[in-house]
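Before any questions on how it binds or moves, here is one chain, the form predicted alone, in structure tokens.
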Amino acid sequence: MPIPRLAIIESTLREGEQFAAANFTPDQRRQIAHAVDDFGVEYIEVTSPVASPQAAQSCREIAALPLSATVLTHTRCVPDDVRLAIDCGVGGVDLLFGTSSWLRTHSHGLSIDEIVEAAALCIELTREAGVEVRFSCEDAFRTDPADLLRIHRAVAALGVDRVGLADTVGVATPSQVAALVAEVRAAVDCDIEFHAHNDTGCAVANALAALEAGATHIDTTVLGIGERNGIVSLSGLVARLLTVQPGLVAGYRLDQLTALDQMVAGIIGLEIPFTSPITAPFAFHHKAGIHTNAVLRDPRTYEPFPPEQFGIERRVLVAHQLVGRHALRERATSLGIDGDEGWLLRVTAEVKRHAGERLLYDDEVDEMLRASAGA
């Protein structure tokens, strides 16, 4: 069945702040908020104002910006935390409670009934303020399913806008996510938010499984930064959905993805990972001869989506020993050089020989093409 809808909760200013290398200044937070808003996300989540006086000030500032996205903040189920969040002017409060036996034993020590009671008071406060409210079970995939469903049924009956499922330590598999989201979907009438950590490399795959099973909201960050190995990356989610149901991401400014990733990478002082979907430095570079031949005929042979969609140009590499004659023919044509098949075979062999001996550069290959054509 097609995924009926998607809303992105962009959490670079909340989950992303928990990344080890992140230390955003107020100006950088505003810059990120405007950038993800321009991209078109539906929600921007910021750090809880109770975290520090600076966090409270930042929450107020981001909530007051002229943004199209709804600003949310994350809080514990503590009435004073909720009151402060509402006072900061946010459009929604994301309540959470650790529900696994690990967290109930080693974090807060409350029973299921006590969790529901605490949640109910905070849900009432939030609803009275007229802002959105979500309740999420932290460490949902290590929570007894019966306990989790009992909690979600109770909070859904209290009128939350969304219930949340968080794979807090990144241990869930796509099949586990699909099964649990489907159970929750059958138990509640409200929206379902999914938050996936990437400790085992399954965050994007799990997000897709959640959407296919009935989730409506996915938490992302730019570059996937967050606690430990981070969460679902914005570019990763876009890439995944483009090959499954492209209409879900058609309303976002996809041409801004690269600039977004570059901006945040510069702020945190790291390079964009070479594995990053879409925005990695070599994401649309083609090298092997058999690949470049097909790509030159029709890029769809080795590209899941066109780079032009993101304002990126593909590159067919020629300065290496794997180069094929078709790639060199294309390069020669771009330089205004023409030659017969015999010439093409000779110059291809020459490039391969030199590249096998040392690192070559594009301008050296260009000189070989020119020299060979004039010989």
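The first residue of the shown sequence is 1; numbering continues from there. Every value quoted in this text rests on a predicted model; they were computed, and no experiment measured them.
Omitted from view is the form predicted together with 3-hydroxy-3-carboxy-adipic acid (HCA), to which the following refers.
Comment: 191 to 199 is the region of 254 to 262, 281 to 289, 191 to 199, 234 to 242 lying near 3-hydroxy-3-carboxy-adipic acid (HCA) in the predicted complex, near meaning a non-hydrogen atom within 4.5 Å. Every member of the trio 14, 136 and 166 reaches 3-hydroxy-3-carboxy-adipic acid (HCA) in the predicted complex with some non-hydrogen atom inside 4.5 Å. Not displayed here, 3-hydroxy-3-carboxy-adipic acid (HCA) is kept clear of residue 131 by more than 4.5 Å at the level of heavy atoms in the predicted complex. The shortest heavy atom separation between residue 96 and 3-hydroxy-3-carboxy-adipic acid (HCA) in the predicted complex is within 4.5 Å.
Not displayed here, 3-hydroxy-3-carboxy-adipic acid (HCA) is approached by residue 74 to within 4.5 Å at the level of heavy atoms in the predicted complex.
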